[in-house]
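Presented below, as structure tokens, is a lone chain in the form predicted on its own.
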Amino acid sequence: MTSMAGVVVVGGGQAAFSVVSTLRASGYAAPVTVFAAEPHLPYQRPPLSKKAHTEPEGLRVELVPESFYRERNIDLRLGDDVVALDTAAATVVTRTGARVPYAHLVLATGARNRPLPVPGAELDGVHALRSLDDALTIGRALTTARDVVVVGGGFIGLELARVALARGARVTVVELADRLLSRAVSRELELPLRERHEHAGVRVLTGTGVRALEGPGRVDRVVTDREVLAADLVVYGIGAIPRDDLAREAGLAVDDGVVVDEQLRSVTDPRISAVGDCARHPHPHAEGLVRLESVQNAIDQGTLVGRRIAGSPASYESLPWFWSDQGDLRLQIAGLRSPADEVRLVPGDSPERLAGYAFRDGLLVAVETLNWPAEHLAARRLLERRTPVLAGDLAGTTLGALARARRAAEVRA
């Protein structure tokens, strides 16, 4: 199982950390090398869009201190990028020209922001958010920005919109689709979510395209197909593209991500795995292959691959779940919904709580909640166990109440 060549991990994010920490925790003793393009220790990404305004001079988001890697004999090469794979020789090639052999290679390269394809996107005051350095730059800009335009009504855009609002800025969200979060949540839940953002003070323009960003060197207005918006800060988040270039250029199967099997091995070369945002994989909760961008997915996939390499193989079957903190709104999702699923909205026991149950062929497949963590946890438990929940089971009740009733019945039996 082990080899002097050991494991090479390309990437320095949550998935990469999960792989290497699991390897050592599982007793893997051969060399482990991590190539991270950024100069920072592997860090958490969720705080980047949520705390940029509270700690603009120094977010502390490292997953573990540097001593963690040193004490476990993990060779962490920060700022050292891999530029090519030689799969025939089982070797990676770094930017400096070094060639490093591997017994197992793990691609944890993540994703990059989709660029904003309009004139003026290169102006000062226009930013995307992906890295720690991006977050620090935006955090500093938010200390003085008065008119903020957020292009893109997805998770990151809405989180940043509420961050900017909390700083006292006037905030407008411009979304090309006819609704917010069109790829993430149901239309049924999007309506009350949007109302709450607008009630808080965020202006939302859906079905609106951006034609240009303008200003004398620095952006001061956004030209949309409806109107011209004043802006001294523009932040855009219009989707991500998997970093699968290395795999594609090496001849591995790629289709919007590195195509892997149920154990997250490349379908082209079983000595290579892909995890996290860059992996496209089969999943029992999905129809066909799926690529998931979430912290939970990155952690769970890294853990599975670390254990497999250390000698405990398994298929990837973790229930997908997601969360987003948008001001005073906590949005949580468990399971995978498809656009054709029927969604039923259910009010909680207080006005701020709401849930959307998604049914496919009469069976519960996903649950979306607003400010209702207990219902989200009940959904995760039931969906993880693949306990069948029929639409009729939830008539006049909630998942939490249903779960409690079933447990009580089991005790009585």
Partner chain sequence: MPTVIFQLPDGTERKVTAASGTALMQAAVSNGVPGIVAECGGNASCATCHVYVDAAQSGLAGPPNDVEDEMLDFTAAERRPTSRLSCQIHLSDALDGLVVHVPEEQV
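Residue numbers count along the first chain shown, from 1. This one's a predicted model, so the numbers in the text were calculated from it and none came from an experiment. Think of the rigid core as the biggest set of C-alphas that the two forms share within 1.5 Å after superposition.
What follows is about the form predicted in complex with its partner chain, which we do not show.
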TODO: Sort through 175, 159, 244, 300 and report the residue having a heavy atom within 4.5 Å of its partner chain in the predicted complex.
DONE: 300
Open item on the list: Can you work out which of 196, 330, 130, 308 has a heavy atom no more than 4.5 Å from its partner chain in the predicted complex?
Closed with: 330
TODO: Work out which of the listed stretches, 356-364, 29-37, 61-69, 340-348, brings a heavy atom within 4.5 angstroms of its partner chain in the predicted complex.
DONE: 61-69
Open item on the list: So in the predicted complex, is its partner chain close enough to residue 403 to count as touching (4.5 Å, heavy atoms)?
Closed with: yes
TODO: Would you check, heavy atoms only and a 4.5 Å threshold, whether residue 41 touches its partner chain in the predicted complex?
DONE: no
Open item on the list: Against its partner chain in the predicted complex, would residue 381 count as a contact residue? Criterion: heavy atoms within 4.5 Å.
Closed with: yes
TODO: Using a 4.5 Å heavy atom cut-off, state whether residue 295 contacts its partner chain in the predicted complex.
DONE: yes
Open item on the list: Using a 4.5 Å cut-off on any heavy atom, which residues of 318-335 would contact its partner chain in the predicted complex?
Closed with: 321, 323, 325, 330, 332
Open item on the list: Superposed on the rigid core, does the Cα of residue 25 end up 2 angstroms or more away between this form and the one not shown?
Closed with: no
